[in-house]
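We begin with a single chain expressed as structure tokens, specifically the form predicted on its own.
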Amino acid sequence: MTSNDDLGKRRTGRVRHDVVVVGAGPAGSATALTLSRAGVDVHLVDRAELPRWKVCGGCLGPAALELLGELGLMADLIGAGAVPIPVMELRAGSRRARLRLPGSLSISRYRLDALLAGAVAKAGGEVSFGVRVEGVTPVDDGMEVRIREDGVVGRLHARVVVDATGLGGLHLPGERSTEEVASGSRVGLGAVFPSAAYHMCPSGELQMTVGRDGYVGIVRTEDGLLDVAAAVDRDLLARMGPGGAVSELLASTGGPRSGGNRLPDGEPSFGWRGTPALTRRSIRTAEGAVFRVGDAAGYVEPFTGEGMGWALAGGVALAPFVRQAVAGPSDRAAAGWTQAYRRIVERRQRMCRLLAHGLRRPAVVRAVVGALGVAPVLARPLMDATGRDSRVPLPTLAAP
């Protein structure tokens, strides 16, 4: 696995770059990789150290895999041990449906993020972990980025800054608010458990449990660990805490297969973490020479891995607008990115927004799952509408 010794400590010491990308998740790394391969001088920074774990379902759907294939990273992904997921078991109440998930893989975020950052470094980009960005300020010829690394305050200078910091984003001087949060938005929860703690989730199967107050996904990643991710109502979280909230959802629906209505035994390998409210949109996807992408630009509650597809699509799509801003005035590039983001990313999110509303209607969900249990083929239109109509060649995803 790529580590800080491989990436983050190989600093050139230069402080001036064409572009500084803040945030080394899928969106930031996809942007940095595409720009680096085009010959742009890029510095990718992230406040965390490697290996790092984030709240994430650990699933890559066909749209994400198609983009990773276009970036030339599919062989690296398979080599990293990504696990094919041909089946999803969906539960609501006493109803159960087993659905095909063609062209899907599971991989831990700490492995995926390291793989993507490594690709940026190989393409000639500078990559630094353990660097916290404390502020971004416009200056005469670009942007000044104030950083803190190992307790030392420093500055980077860039013609353009890409904000890929995730939910909440960077705040620019004079901005009162950068985004609008949807009323009633759920929050994300996640933990990772040892492989021996839970025998009810076989490798190659995604288990989704939908309850009145949220939903939970459980999947095994490349190292056999169990990734547990959930979207829950804030009231439930306040009453029961993260582990209690997820246990309540599992119990209310009978839990994953074989009647398991509890969380895995023992302490998690990576303890419970949460996210801010999930469904939100940035008021401005670009502001001067700062361009937002990934969760920093907007997010909708995903269901089976759509989020990383949106992030990768946004990162690749943003790169030409950043190149335009580096070469000249940024206003036209900013306007172009705003339009492109709506066309490319928000369009993909639209169906998941509708799905998130539907999941809040327990009777409807139970009826739909019951129908899918009898006729799984009925799920095909929904799979296609949420981005599962990819052209990724299935033989590369065959189970070992």
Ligand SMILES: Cc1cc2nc3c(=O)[nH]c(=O)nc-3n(C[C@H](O)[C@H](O)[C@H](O)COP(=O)(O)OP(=O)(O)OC[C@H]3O[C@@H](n4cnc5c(N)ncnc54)[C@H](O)[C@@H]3O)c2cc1C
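None of the values given here were measured: they were computed from a predicted structure. From 1 onward, residues are counted along the sequence shown.
Absent from the display: the form predicted together with this ligand. The rest refers to it.
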Decide whether residue 132 counts as a contact residue for this ligand in the predicted bound form under a heavy atom distance cut-off of 4.5 Å. yes
Please tell me whether any heavy atom belonging to residue 166 falls inside 4.5 Å of a heavy atom of this ligand, as the geometry stands in the predicted bound form. yes
Test of understanding: in the predicted bound form, would residue 19 fall inside 4.5 Å of this ligand by heavy atoms? no
Does any heavy atom of residue 355 come within 4.5 Å of a heavy atom of this ligand in the predicted bound form? no
This ligand in the predicted bound form: contacting segment from 67 to 75, 279 to 287, 124 to 132, 81 to 89, heavy atom within 4.5 Å: 124 to 132
Please pick, from 365, 333, 56, 345, the one residue with any non-hydrogen atom lying within 4.5 angstroms of this ligand in the predicted bound form. 56
In the predicted bound form, the one of 236, 229, 119, 97 near this ligand [non-hydrogen atom within 4.5 angstroms]: 229
For a quick check, can you give me the residues of 19 to 40 that have a heavy atom within 4.5 Å of this ligand in the predicted bound form? 22, 23, 24, 25, 26, 27, 28
